[in-house]
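Single chain ahead, written as structure tokens, the form predicted on its own.
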């Protein structure tokens, strides 16, 4: 018996077209899950689909900030044993320049959309008993903060607060709700020279393990929370940070 197996489980992964979402989908398929992929970009979703192991996987193209797309996603979704909220954006802006439009965008994508999608799925009985919902949150806004990151921090703080209340409210349905809270993870943010190599190497020195995380390391934590190995875990925030928040 492998308690970490996802065999015979169907898992919906949002934000599956790139980054952590793509990696979560791939690793879940390796553990035996049937994966439903959703994001806005069909071409990139097809790229993710081509990397999945096993058969029976599906794509549902949707913009989760759009109410009609959320409704359509719920209608087309099969019965789910797992739901992983990976869709998210980062918008760096010093606090004194925060404006209503930017704040609304970040909170809508990172907090409101996954919350409303979860509610719709539960309401329409698309989440099976003894299933698991996992939010990709962050240490930012929950354990620590960075300059110019107030909107992102606020959205992730809101995610963790909602997650805990969802865990309490959905416990009677046998639905577990948890979050994974990474520090810096090596994703596409490092492409295109947006952050200099020297700056990156200097920042890594602030981590006790002297490196950033890898997307698959976040995915392994998600798999744990989706699996039967975590059947007694709900309302928890799993920090994955290479020791960053120890300092």
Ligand SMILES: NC(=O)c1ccc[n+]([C@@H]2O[C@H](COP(=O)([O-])OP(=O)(O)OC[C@H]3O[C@@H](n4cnc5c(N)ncnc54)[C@H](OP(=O)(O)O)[C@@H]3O)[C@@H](O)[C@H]2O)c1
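Since we're looking at a predicted model, the values are computed, not measured. Positions refer to the first chain, counted from 1.
Beyond what is shown, the protein has a form predicted together with this ligand; the following relates to that form.
Exactly one residue in 133, 86, 117, 106 has a non-hydrogen atom within 4.5 Å of this ligand in the predicted bound form; which is it? Checking each option against this ligand in the predicted bound form, the one that comes within 4.5 Å is 86.
Mark residue 51 yes when one of its heavy atoms lies within 4.5 Å of a heavy atom of this ligand in the predicted bound form, and no otherwise. Taking the distances in the predicted bound form, the answer for residue 51 is no, it never comes within 4.5 Å of this ligand.
Does the 4.5 Å heavy atom contact test between residue 235 and this ligand in the predicted bound form come out positive? It does not: once this ligand is placed as it appears in the predicted bound form, residue 235 has no heavy atom within 4.5 Å of it.
Does at least one non-hydrogen atom of residue 16 fall within 4.5 angstroms of this ligand in the predicted bound form? Answer yes; at least one heavy atom of residue 16 falls within 4.5 Å of this ligand in the predicted bound form.
Does residue 210 make contact with this ligand in the predicted bound form, using a 4.5 Å heavy atom cut-off? Contact with this ligand, no.
Heavy atoms, 4.5 Å, this ligand in the predicted bound form: which of 75 to 83, 169 to 177, 125 to 133, 88 to 96 makes the cut? Say which one. Heavy-atom contact with the partner occurs in 88 to 96.
For a quick check, can you give me the residues of 45 to 75 that have a heavy atom within 4.5 Å of this ligand in the predicted bound form? The stretch 45 to 75, when checked against this ligand in the predicted bound form, contributes 62, 63, 64, 65 at the 4.5 Å heavy-atom cut-off.
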